[in-house]
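So this first bit is one chain, no partners, the form predicted alone, shown in structure tokens.
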């Protein structure tokens, strides 16, 4: 596990637990090999470090003069730095290759532009090593950032985080494995910037993370932003794999989790939300909840309606928009203006509590008054909890909330759940916003999985699709089941009635029973999305109980005929029992694994118990 620098042969060799990396700089800089030590076969031979394109010309790393080579090491790290120049273009580079002495090699590119024409020029980078990355086996199976598997139409199945101006660090690696999904490589592109504006970011790894096809990877040219200082433009880390995609995803999640404190999720007073399977969103002035004769909240009617779905565990009572904005009343005034005021809402909340149902109220951030500070808004929210004894807030349009508001709510009632409409993106919001919607409006969501559900399984996100009609509602329900998630029922969309059919209600009821029975398996901390099957149109997610003695495999058949998987081998433990627990199809134990048959366009869940 050491670095060897041979100045005479102009070569550097690194080895760690997973990789053997050779660098040759006799005739320009290139990788002489990047090989997986588990596979023990040379791979990725003679690959250029980079190509640059600028002012209508293309330059290879071999076109750069090597000005110096510097080697540095300590007890934890080994690093070699190559100082390169393309003097006639006034372009300079520093290439750092770093060995963590454990399992990863990091390659960091820094490029400087001394402004040949007096202004910075457009520079694009291509990395031949990545474009042609191979596992070293007989046949390669490729998984790409944000797009490890596509459906029959070439659409990405794993849906990335929805960014706007701020970026996320929930990113998938590039993974290349041999056909048996064992030996290969995982490549990560860390994105330290919180901004999606590439021009403002010194690190443009985001562009590599957005590559979504093999063709795009092979042909990529990423615009970098060098100026008259050395900016960190591109960085990637590579690890050798012995257990394919499952190992890569677990490594990726573990590395991501290391940056976070999830103690908020472990608070006993917030655990109640993870024990809910069916949620409901109610427009307060609709006939679904309001008795228009008595102008009171009809709790019994809501409870009765919920029985067809298996019982509502929470209700969100929405009382403002679209009425909000027609006059000067604020969202807080609407709590007072409901017939009977806040006391009437309190009586309804008390009755919901008697029925075992928690209540969430909405927060509308875009209605904040001109002179209303974050502190004022927090005081108003705390007062609403005091007045109504509600159990949480649905944070409309939000991904975040000032933490000072969380502290104010803790003082008046511990256990208040904060639920954002969109997944929180980074750091502190992810740490204390413990739930959000997994919302879909107009997408065609099968087959599809939510990346955040698998990267942060502590974060329970009910699936909801507000405008779905009959056929689309079925797809949303299957998406919920395939992803092992709870569901939110929203039928009165501010006055437009979008009901579920009796058959759909019955299916949700069945799903709730399964989800709640095996909740500890579905909510285990190490799920794996899209386990490779090498079976056309058949997809599989895996959920694992934290004790390790049970797993659930959820299958989806995206074809018009029954699909069979004659043998699915398991290497996580010795199989004791295999049982179908949900869906359409069959499953039976076969050796140390199982065989399944899945009906057309349907879901099948298989429980595996280990000895």
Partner chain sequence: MNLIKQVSVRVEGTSYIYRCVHRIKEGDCQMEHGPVPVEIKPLLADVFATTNEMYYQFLQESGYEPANPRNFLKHWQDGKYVEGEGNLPVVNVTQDDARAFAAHYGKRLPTEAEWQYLAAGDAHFKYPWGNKKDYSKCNVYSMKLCDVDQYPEGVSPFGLYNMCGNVWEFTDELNYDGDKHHYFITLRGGTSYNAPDYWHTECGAIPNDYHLKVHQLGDAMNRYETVGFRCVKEVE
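Please read these numbers as outputs of a predicted model, since none were measured by experiment. Positions refer to the first chain, counted from 1.
What follows is about the form predicted together with its partner chain, which we do not show.
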Among the candidates 129, 82, 273, 334, the residue which, in the predicted bound form, approaches its partner chain to within 4.5 Å (heavy atoms): 334
Interface residue in the predicted bound form among 199, 339, 414, 356, criterion: non-hydrogen atom within 4.5 angstroms of its partner chain: 339
All of 105, 194 and 253 within 4.5 Å of its partner chain in the predicted bound form, heavy atom check: no
Candidate stretches 534 to 542, 285 to 293, 106 to 114, 149 to 157, one within 4.5 Å of its partner chain in the predicted bound form by heavy atom: 285 to 293
Close approach of residue 327 to its partner chain in the predicted bound form, 4.5 Å, heavy atom: yes
Residue 78 within 4.5 Å of its partner chain in the predicted bound form, heavy atoms: no
Any non-hydrogen atom of residue 268 within 4.5 angstroms of its partner chain in the predicted bound form: no
Contact of residue 371 with its partner chain in the predicted bound form (heavy atom, 4.5 Å): no
Contacts with its partner chain in the predicted bound form - residues in 204 to 242 whose heavy atoms fall within 4.5 Å: none
